[in-house]
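Just the one chain here, the form predicted alone, laid out as structure tokens.
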Amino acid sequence: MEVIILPSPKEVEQMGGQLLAQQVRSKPNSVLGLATGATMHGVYTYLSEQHAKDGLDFAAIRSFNLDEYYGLGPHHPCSYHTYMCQHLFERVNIQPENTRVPDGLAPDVQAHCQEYEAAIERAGGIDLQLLGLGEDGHIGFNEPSSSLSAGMRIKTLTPMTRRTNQRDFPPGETMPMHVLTLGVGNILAARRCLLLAHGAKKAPAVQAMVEGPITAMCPASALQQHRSTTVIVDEAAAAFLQLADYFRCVYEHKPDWQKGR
């Protein structure tokens, strides 16, 4: 696990965008695993700007989103399908038929989850999985106590997650209790993972993910076992890392052949 500590949230998001853009340029038919949330706004803005200014080409890119609220259709203003259209899909030249977001209205949840996983396999697997980090250590919507080998399924959100995400819904509208999410097992199957986190509220989860034991109580800690994970955080989110100085030193002194990877 590579840990990169940067001064500000803006720099975290920009580097995340740069690494995703590098993936697109190096493999134009990449399969991207995409995430949502406030942390990703700057990432998708960077990609959109690179497309507009420098012709970053998404024509052959395929994407699979991590999760979706169960009970929300794709055109609901608070759905993650709408989020992706607003922040990325409608701002670059990705082909609509090459994008997949879980169906929050799937009548047969188990069959839909199995088909979604099968579609990822048919695409050749995920080349780069983008991830955010919950304050309680969740990735995707794999809440604390989630199996670290689970596949895609329906999950019940914790009160903490519901309080945090309620801000994305208009006053008077209660957010769903359930979500469809790729499991930790699906995430670990990606060839590379890229996790972004910033802000003091994320500091305990970052420390548990990077330096704590591998435990279902912090699902993100499973990334310690992943073969190629890059974690990018700002100074506030790195506040509890005991090895923060070491991580800074490692990044500062990366060999030339490793830089930009």
Ligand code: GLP
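Everything quoted here is computed from the prediction, not taken from an experiment. Start at 1 with the first residue shown and count on from there.
A second form of this protein, the form predicted in complex with the named molecule, is not displayed here; the remarks below concern that form.
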Exercise. Tell me, please, which stretch of 54-62, 211-219, 34-42, 229-237 lies within 4.5 angstroms of the named molecule in the predicted complex when heavy atoms are compared?
Key: 34-42
Quiz item: Is every one of 80, 134 and 161 in contact with the named molecule in the predicted complex, taking contact as a heavy atom within 4.5 Å?
Solution: yes
Quiz item: Within a 4.5 Å heavy atom cut-off, is residue 146 in contact with the named molecule in the predicted complex?
Solution: no
Quiz item: Would residue 75 show up as a contact with the named molecule in the predicted complex if we use heavy atoms at 4.5 Å?
Solution: no
Quiz item: Is there a non-hydrogen atom of residue 165 within 4.5 angstroms of a non-hydrogen atom of the named molecule in the predicted complex?
Solution: yes
Practice problem: Verify the contact flag for residue 102: yes if a non-hydrogen atom of it lies within 4.5 Å of a non-hydrogen atom of the named molecule in the predicted complex, no if not. | Solution: no
Quiz item: Taking the named molecule in the predicted complex, which residues along 55-86 bring a heavy atom to within 4.5 Å of it?
Solution: 66, 67, 80
